[in-house]
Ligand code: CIR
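Only one chain is shown below, in structure tokens, and it's the form predicted on its own.
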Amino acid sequence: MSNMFQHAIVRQPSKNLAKGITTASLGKVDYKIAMKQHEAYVYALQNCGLEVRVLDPLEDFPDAVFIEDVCLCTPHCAIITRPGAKSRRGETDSFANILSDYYKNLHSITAAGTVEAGDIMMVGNHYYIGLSNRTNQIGAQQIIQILEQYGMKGTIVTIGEVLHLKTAVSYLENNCLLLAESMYHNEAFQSFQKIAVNIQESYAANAVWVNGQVLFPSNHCITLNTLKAEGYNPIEIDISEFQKLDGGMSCLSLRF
């Protein structure tokens, strides 16, 4: 059974967006274009039936627009993470106040654990947690211990040389995964139906299923046509300015 979402939380890009962490060599971020792209992203979430809360930018934290990393929202609790990127840890300071509007049960990852929720993929009541440069074993085990308090489960996954787990794999509900080639043969995912992302379009592996729709990065025509052939109706969104900062479709919102 699919998880239907009611809410989303996003954070507006800061004027210092171009100072965010990146390994991409795709040119300088244009703040004005990024703002327009972010507004279009919010509009798409609203069109999927979500009530979207837009938080003010955090000017001291240029990566704060990638709000997914600082919290895992489950049906039973919210877990405030401890980002592996030290420059991002202050992003979580105000989060308990925000989340208390939606959740009675709040938890936090503690040192020496590090977790960024871009490394966590929800499949029903089961959560796959990727070990990366941002999420360590201690943090992943803390996530699992919290999930188990509410009857949920977690599996730790080795993911190799990608930024986050969801950089390379997305759950499209109904036991189906969209995967980059680097993740296609990962033994953790052998029981799923799989849709392969064209090797030249690896960025398209990060898509977002929202209430029967799939938010999908524009200009990835081969994978787009593959999704359509599989019966999906992708909504293309241009997030090129966020791609310059290693950000993907899922990074820009919390959906619950």
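From 1 onward, residues are counted along the sequence shown. Predicted model only: the values in this text are computed from it and were never measured.
We do not show the form predicted together with the named molecule, though everything after this point is about it.
**Student:** Can you work out which of Leu163, Ile109, Ala180, Ala140 has a heavy atom no more than 4.5 Å from the named molecule in the predicted bound form?
**Tutor:** After the contact test, the surviving option is Leu163.
**Student:** Using a 4.5 angstroms cut-off on non-hydrogen atoms, would Arg82 count as touching the named molecule in the predicted bound form?
**Tutor:** Heavy-atom contact with the named molecule at 4.5 Å: absent for Arg82.
**Student:** Is Asp238 one of the residues lying within 4.5 Å of the named molecule in the predicted bound form, judged by heavy atom distances?
**Tutor:** No, Asp238 sits far enough from the named molecule in the predicted bound form that none of its heavy atoms falls within 4.5 Å.
**Student:** Is it the case that Gly130, even though its partner is missing from this view, gets within 4.5 Å of the named molecule in the predicted bound form, heavy atoms only?
**Tutor:** Contact with the named molecule, no.
**Student:** Might Leu254 be said to contact the named molecule in the predicted bound form, defining contact as any heavy atom within 4.5 Å?
**Tutor:** Judged by the heavy-atom cut-off of 4.5 Å, Leu254 is well away from the named molecule in the predicted bound form.
**Student:** Heavy atoms within 4.5 Å of the named molecule in the predicted bound form: which stretch among 65 to 73, 226 to 234, 25 to 33, 42 to 50?
**Tutor:** Partner-contacting stretch among the options: 65 to 73.
**Student:** Any residue of 79 to 95 with a heavy atom within 4.5 Å of the named molecule in the predicted bound form counts; write them all down in order.
**Tutor:** Sequence-ordered list has one entry, Arg88.
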